[in-house]
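Next up, structure tokens for two forms of one chain, structure 1 and then structure 2.
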Structure 1
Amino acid sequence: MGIQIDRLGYLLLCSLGLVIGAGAQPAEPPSMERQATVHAGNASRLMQDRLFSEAGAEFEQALAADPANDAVRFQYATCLFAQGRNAEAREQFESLKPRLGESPGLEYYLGRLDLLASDFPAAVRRLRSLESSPDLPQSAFYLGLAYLGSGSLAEGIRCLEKAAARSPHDAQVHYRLARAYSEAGRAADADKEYREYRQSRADLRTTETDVRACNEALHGRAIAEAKAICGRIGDPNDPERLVMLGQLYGDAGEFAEAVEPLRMAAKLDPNSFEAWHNLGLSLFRLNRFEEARAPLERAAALNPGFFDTLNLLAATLYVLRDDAAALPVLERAHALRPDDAQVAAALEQLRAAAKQKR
């Protein structure tokens, strides 16, 4: 089944449990920059688990070690924002403007903070240029709210309609659009959006029920029976549900079943990091390394700071004997977790091999 894993003696993917490790030499005391990287990596993992208070403490330690790191400061600001510490979040975002200027990410969060502070003209000014941004898909929704708050009903409706087209299953968008239609005297349109809102809420409850049933079936029934139950989740026109289905299959070790829904999700939403990462992971687990490479490269491009993707991509490239491509990827992974002895050993092996080829 594809290329066998015969070159992974030093390339360790501990989270996947795929390879045998080599001993690492005692590490030197980490530099301040490395300390910052370690704390920032810890914070990112805590953010993924929505442990925002703990993540904030790690970000603060990272910035104490490397106060000039703008990327870490931006992440810290988003962490404060997630906790509702809006004044502190604004202070951190504003401190980045002299160096980053009016970057899309800064303008998006500052616009949302303006909206929360009921400074609607400022929110409109910041969010207007982001309305169609594929990287910030919720901008149209918040811009619509800002327009409504400033009394521009027609512009608010226009933006909310765009948001509803972009996120047809978002109950919050339908609810806000229904209210705007009511205010505009468009009763029939308002009724339709309220129906969409109720349907989205019902779909969410149904999805939660279907996920529980699928998970139980995958861990207690034959795969043929489980597929019949899990099939209720997959919607060929909804990338989020397809990713959810693929993840459920992957979590149960049914990687062959995960591939197709994840392929469909990536095709529907080419900017979905979750679709590409999980597709690459599933193909890797199936020893289909040539196929895994492109999805993992796409995932790494979409989220260059996610350690697991970089580690998995480095392993894939190494198995494919493309050491030249694997080395910089593993270096990026090592920069995220310089205290990971296994990754350090793998990197040392690759660097030594590269020197021998010169």
Structure 2
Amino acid sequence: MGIQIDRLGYLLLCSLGLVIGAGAQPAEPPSMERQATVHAGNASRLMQDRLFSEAGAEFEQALAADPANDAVRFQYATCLFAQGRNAEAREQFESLKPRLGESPGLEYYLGRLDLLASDFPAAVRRLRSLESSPDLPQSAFYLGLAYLGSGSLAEGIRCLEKAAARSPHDAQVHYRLARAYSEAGRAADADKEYREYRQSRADLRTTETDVRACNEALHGRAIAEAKAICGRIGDPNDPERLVMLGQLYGDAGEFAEAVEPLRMAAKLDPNSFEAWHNLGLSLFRLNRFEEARAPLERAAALNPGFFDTLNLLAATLYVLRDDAAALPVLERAHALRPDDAQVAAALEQLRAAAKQKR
């Protein structure tokens, strides 16, 4: 999804340049704080592309410039975690505890590290309080595994049942639950979960096939015909599939078709950054700037370090002639990428315009 966003977002960079009509200008040498922002922005982008090792190096530079930045340190720790550098990840998470206390995010990752280290009682202690956290929906699953590891089969099953209810399409959850039922001698329940597992895997394979077919149709057939094929992807109750469909339409330049599935996805999952960003992007491309504003503001709030969203939002606000709102957004974008000549030039123009107004 990150790749899709980047590609679409890149188009918007050009749009922004065209809208503001800027030329290239040299960037001023960044301060330490700015350097940290730049490296953290780069790291976030690399994380989205799953280039964890490269992202780790950017985070390290960000922290060298701004060692007290807890948000960046937390992201760095998650990056280490993603690389399987568990001891280093733990060290970074632990270093944040004096300042952040027992924050849910910290406890979640430390609990997962305990789980990986087979320290099941510690994992249970940490994850227990997060079991019902809406912000960490996978906590119930990992708590279930921690219970199973510590020999508490009944508790493990209870948590996995909760995880399965929360993530009905997650094959992994169904498989673990089926295995737990088998261990408990609950053959009928196990069979049901194995069926759910098989169905989830089959759905995944079907989705892969459908996405390929949709993509081919969007690039080789009339839109009406393509819509009939792509419609198979858009499960009205599954925000991830709706986002996927919207991105496929957007990637093919069919922004009008993208709007509805993305709108539905955002309604079903209001915390989906991808849904809001792509919705805003599609509306922008349709020149429906008024409508694009709110989704982009929501996306920027959900992921304030994502350059493309900020850039797009700034362009939207500029077109809507709300320069006062556009300026701070563009400044944030510029802070993330000070070497981006078009953004720098646009920023200069906005600043100059603001000065004139004053």
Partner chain sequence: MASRGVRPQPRGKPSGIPFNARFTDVAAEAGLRAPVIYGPPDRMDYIVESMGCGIAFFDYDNDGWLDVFVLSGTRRDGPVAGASNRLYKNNRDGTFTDVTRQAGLTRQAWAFGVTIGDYNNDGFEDIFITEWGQNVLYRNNGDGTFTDVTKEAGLASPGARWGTGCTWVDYDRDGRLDLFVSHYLVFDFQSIPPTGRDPDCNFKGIPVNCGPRGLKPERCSLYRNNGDGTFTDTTEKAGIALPGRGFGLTAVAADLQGSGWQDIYVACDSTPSLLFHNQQNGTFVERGLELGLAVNEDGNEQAGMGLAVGDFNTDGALDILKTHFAEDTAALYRNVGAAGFEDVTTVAGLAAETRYVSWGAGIQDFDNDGLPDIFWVTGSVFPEVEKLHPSFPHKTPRVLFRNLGGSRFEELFDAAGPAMAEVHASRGVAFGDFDNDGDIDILIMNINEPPSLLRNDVSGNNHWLKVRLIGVKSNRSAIGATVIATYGGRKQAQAVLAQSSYLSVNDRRLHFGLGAAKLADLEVHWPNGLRESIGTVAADRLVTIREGQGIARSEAMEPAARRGH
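Numbering runs along the sequence of structure 1, starting at 1. In this text, the rigid core denotes the largest set of C-alpha atoms whose superposition between the two forms falls within 1.5 Å. Model, not experiment: these values are computed from the prediction.
Novice: Of structures 1 and 2, which one represents the form predicted in complex with the partner chain?
Specialist: Of the two, structure 2 is the form predicted in complex with the partner chain.
Novice: Core-aligned, what's the Cα displacement of Q349 between structures 1 and 2 in Å?
Specialist: Q349 C-alpha displacement between structures 1 and 2, core-aligned: 2.6 Å.
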